[in-house]
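Taking the form predicted alone, here's one chain by itself in structure tokens.
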Amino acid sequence: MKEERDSAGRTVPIREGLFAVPGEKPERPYLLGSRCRRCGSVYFPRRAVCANCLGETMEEIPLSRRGRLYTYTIVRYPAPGLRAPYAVGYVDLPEGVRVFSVLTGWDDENLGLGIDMELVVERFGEDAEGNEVQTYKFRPLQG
């Protein structure tokens, strides 16, 4: 993950190995998945063993940045550390993976089942050392 931040702290991912943020533009962040070399099953997050064929030869692959919103809910009673309302949902990617994610950039008019979504990496919060913690989210694709 690209690390850049002022002297107040670093930028760190919410969990290593979930996504990558290339350092050069115009590349954009992408999720890190894995594909079984034996049967071709694709997973997110990455797995060491294939759940389909129990193959142990997995390869890391970048997943598509765009997908379709399979389902979602708007959370009005937040989990600790989050502010309501916020939305979470499942996004289907072309590789056949369904990804659970916080949704961002939405309002009541642009959020609906089957809409096109795009991956973004945004601030999630701050850790005990003052580092900015980032996570992946999906937002409705504009126009």
Partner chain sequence: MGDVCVIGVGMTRFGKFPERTLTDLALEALLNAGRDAGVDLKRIQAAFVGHVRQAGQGAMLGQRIMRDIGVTGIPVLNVENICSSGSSAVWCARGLISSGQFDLVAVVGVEQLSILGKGVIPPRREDLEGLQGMTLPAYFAMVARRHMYEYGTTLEQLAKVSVKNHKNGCLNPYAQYRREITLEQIENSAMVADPLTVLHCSPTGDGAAAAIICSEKVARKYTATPVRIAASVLTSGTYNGNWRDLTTNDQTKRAAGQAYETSGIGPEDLDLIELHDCFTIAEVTHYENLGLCRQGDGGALIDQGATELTGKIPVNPSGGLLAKGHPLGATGVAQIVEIVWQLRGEAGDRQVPGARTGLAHCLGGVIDGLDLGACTVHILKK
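Numbering follows the first chain given and starts at 1. Predicted, not measured: the structure shown is a model, and the values here were computed from it.
Note that the form predicted in complex with its partner chain isn't included here; everything after this is about it.
In summary, among the residues R28, R66, R37, R47, the only one with a non-hydrogen atom within 4.5 Å of its partner chain in the predicted complex is R47. Using a 4.5 angstroms limit between non-hydrogen atoms, I61 is distant from its partner chain in the predicted complex.
Contact check for R76: a non-hydrogen atom falls within 4.5 Å of its partner chain in the predicted complex. Shown alone here, D92 lies within 4.5 Å of its partner chain in the predicted complex, counting heavy atoms only. Heavy atoms of L82 reach within 4.5 Å of its partner chain in the predicted complex, making it an interface residue. In the predicted complex, the residues of 121-139 lying within 4.5 Å of its partner chain by at least one heavy atom are, in order, F124, T135, Y136.
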